[in-house]
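Heads up, the chain shows up twice below as structure tokens, two forms, tagged structure 1 and structure 2.
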Structure 1
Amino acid sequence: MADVKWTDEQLLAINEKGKNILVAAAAGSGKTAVLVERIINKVINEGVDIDKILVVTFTNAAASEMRERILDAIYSKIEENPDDTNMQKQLSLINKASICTIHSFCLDVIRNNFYELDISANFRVADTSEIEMIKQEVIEDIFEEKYIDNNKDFLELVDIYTGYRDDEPLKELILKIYRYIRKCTISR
């Protein structure tokens, strides 16, 4: 990657020392290339083993691409200097490197520390259909509880949005608001 002309901002991201950095930029702006160069520089110039660096992305595709580009950079360095034992070592460590999505990183942290979180060692992550079923069950339970309690505010809300005939439109509205809020929170 020595032929690349880096911008001042990219060089700062590549060479910044003693700090964590966040690289955020538009698609196609060179984020992956910058991060790969930063990682390779850490491995070569600072003697950091690749399996001691945490690289977190948002998608599986990005994590895969990152791993592939790092591997290509290591192979390129080995081609330049076949006797480079450090690069040979990095090649053997790449499969242990933490180059993953934020979700898989968090899941790994939970799996390795379940006892600290007071959860079962054999927990699992629900799939999309299970999550949808749980949401439906929760909203059904809440509505049932409010009906049983004869909650005045709740009954007024039901009357305004459903006319006491069918509360499904209100449930759907609540879920729609929930999805909107999640979408806004995630996209920040």
Structure 2
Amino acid sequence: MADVKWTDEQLLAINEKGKNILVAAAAGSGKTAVLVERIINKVINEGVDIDKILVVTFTNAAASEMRERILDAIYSKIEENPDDTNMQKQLSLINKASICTIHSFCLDVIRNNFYELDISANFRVADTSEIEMIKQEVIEDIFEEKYIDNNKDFLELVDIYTGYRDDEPLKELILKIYRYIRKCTISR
């Protein structure tokens, strides 16, 4: 965006340094443009390579847009000055730049450090229905264990919270508390 006349607020958001900043403005008002300009300025003025900057978004679409627009900005710098070796270098680095969703970034961190976490190298992310099934299995197993143990406190709890021969309400209550603790909405 070489010939854009930035507003004062945009300039502030582009040039502010050394602190966290939050930019909130209406759709189409130029937030992404500001972000792209901040990144390009870092590359040009501070000699930071594009693959040393982490750019995270919430959606895949936003990540693709971000990558596209950074690429466009690099191309227009090269157009302005075809001998700009720094920009040519950025062009070759952009493919391995971390411009992605927060989820895929976290997944990468886990994948690259699985051994620190004591999990298998070929772990994968479960889908929602798998997670529900695993939760059910775990709670069934725990109840089974506690019944076999004849744990007094547990049996008392079952007695208070369940109907005749049906401990489902207690299991559901435990899962509800679990969801609440994880700050998810409690379903009904």
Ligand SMILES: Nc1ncnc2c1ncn2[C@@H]1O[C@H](COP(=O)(O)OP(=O)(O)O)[C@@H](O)[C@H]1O
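Just so we're on the same page, residue numbers count up from 1 along structure 1's sequence. The term rigid core refers to the maximal set of C-alpha atoms that superpose within 1.5 Å between the two forms. Note that the structure is predicted; figures quoted are calculated from it, not measured.
Taken from the structure described as the form predicted in complex with this ligand is structure 2, whereas structure 1 is drawn from elsewhere.
The Cα shift for I53 between structure 1 and structure 2, taken after rigid core superposition, is smaller than 2 angstroms.
Annotation for N122: C-alpha shift under 2 angstroms between structure 1 and structure 2, rigid core superposed. With the core held fixed, S64 shows a CA shift below 2 Å between structure 1 and structure 2. Core-based superposition between structure 1 and structure 2 puts the Cα shift at I21 at 4.0 Å. Relative displacement of the L157 Cα between structure 1 and structure 2 on rigid core alignment is 11.6 Å. Relative to the superposed rigid core, K135 shifts its CA by 4.8 Å between structure 1 and structure 2.
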